[in-house]
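This document starts with one chain, in the form predicted alone, laid out as structure tokens.
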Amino acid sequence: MKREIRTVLVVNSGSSSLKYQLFDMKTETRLAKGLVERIGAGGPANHAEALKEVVKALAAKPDAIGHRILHGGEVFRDSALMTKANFAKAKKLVKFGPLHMPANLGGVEACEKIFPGVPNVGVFDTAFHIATMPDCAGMYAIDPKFYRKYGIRKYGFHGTSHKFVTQAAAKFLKKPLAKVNLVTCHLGNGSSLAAIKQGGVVDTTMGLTPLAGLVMGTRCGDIDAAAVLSIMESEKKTPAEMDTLLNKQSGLQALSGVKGGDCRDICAKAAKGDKGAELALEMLAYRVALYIGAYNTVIGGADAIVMTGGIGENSSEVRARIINRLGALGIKLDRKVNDKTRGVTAVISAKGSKIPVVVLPTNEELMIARDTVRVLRG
């Protein structure tokens, strides 16, 4: 399906909000962006009503619409045109993301009503990982019947961000995408790493859900499953209550006492000598460095370590704590460059480091727009 696509509207539909950006794809420049909040709670009644407000802000109807969709399971290993058949397949995956998927798919339905005739493309947060991750990394060592019956396996998240910085890093390093080996670090309130071999994912830190892997703002990351069972038994917690504790009451927030686990506030608290905040930062840095070392081995040696996301792009303090743990890989920090790097592309490792560490700002919305064009052009 080849068509002229000049403008792409990127939609991120949440349960009570709708974020959007409009791109001119000839120049890949952003023409407009906005946020509609309080959907169903004093604001617009639903996503269709929210989109009517978006229409008022747009000069003309877009040529195509790209949607961020949380989970593609194993059905969607790439972005896809949201035909009736594909939409029906996506609805069957709501069980994997009951909080986010209904809103994501509601955004697609709303766009079909508000922009009749404009094609909608789903860009799945799991697709970049699931497309190439081998079973030895993606499967869990439990009875395979749970995989066959319920789809219990590793899927990974932040795929759109990891995909964007993988492409950007290959270009920055002047290497063909199919030959680039990277460890990409998306560090923010939610964080994940990906092991990129020859341009594709061979492992990632998040799992069936975004809970696994690194220590995050309010998520615990990796934890012994028996510890979870022990707490549930001792505290008489239900599965829903335990889910809340692990996802919303743990991580940097629990360790530091800083509500929401905002890294900037934790760094400020640690600078004043707070032991809880110091432990939080050290646990974060330790876990990231641990995975970088492991993933460097998995991919047979990285061409670069890439740092992105809110923390990766902006926190020189956290980056320093991570890089100072990577001496065994022949990596040394350039303190001056690191200290002044914030939200821009820069090599923050010292000259002579065996593996460069590159800060690369992510742009998930542009990646969604690019995928939308690619899918529609066939």
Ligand code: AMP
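Since the model is a prediction, treat every value here as computed from it, not as a measurement. Quick note: we count residues from 1 along the sequence shown, nothing fancier.
The following text describes the form predicted together with this ligand, which does not appear among the structures shown.
- Relative to this ligand in the model of the complex, residues Thr132, Lys179 and Gly199 are all farther than 4.5 Å at every heavy atom.
- When you look in the model of the complex, the only residue of Asp262, Asp303, Glu278, Glu112 with a non-hydrogen atom within 4.5 Å of this ligand is Asp262.
- Among the residues Asn296, Thr166, Ser250, Asn189, the one placing a heavy atom within 4.5 Å of this ligand in the model of the complex is Asn189.
- Contact check for Pro44: no non-hydrogen atom falls within 4.5 Å of this ligand in the model of the complex.
- Within this chain, Ser315 lines the site of this ligand in the model of the complex, having a heavy atom no more than 4.5 Å away.
- Mapping the unseen interface onto this chain, Pro62 falls outside it, with no heavy atom inside 4.5 Å of this ligand in the model of the complex.
- Although the partner is absent here, Arg38 sits far enough away that none of its heavy atoms falls within 4.5 Å of this ligand in the model of the complex.
- The chain is drawn here without this ligand; in the model of the complex, the stretch among 149-157, 181-189, 133-141, 235-243 whose residues come within 4.5 Å of it by any heavy atom is 181-189.
- Taking this ligand as it sits in the model of the complex, the stretch 298-331 comes within 4.5 angstroms of it through a non-hydrogen atom at Gly309, Gly310, Ile311, Asn314, Ser315.
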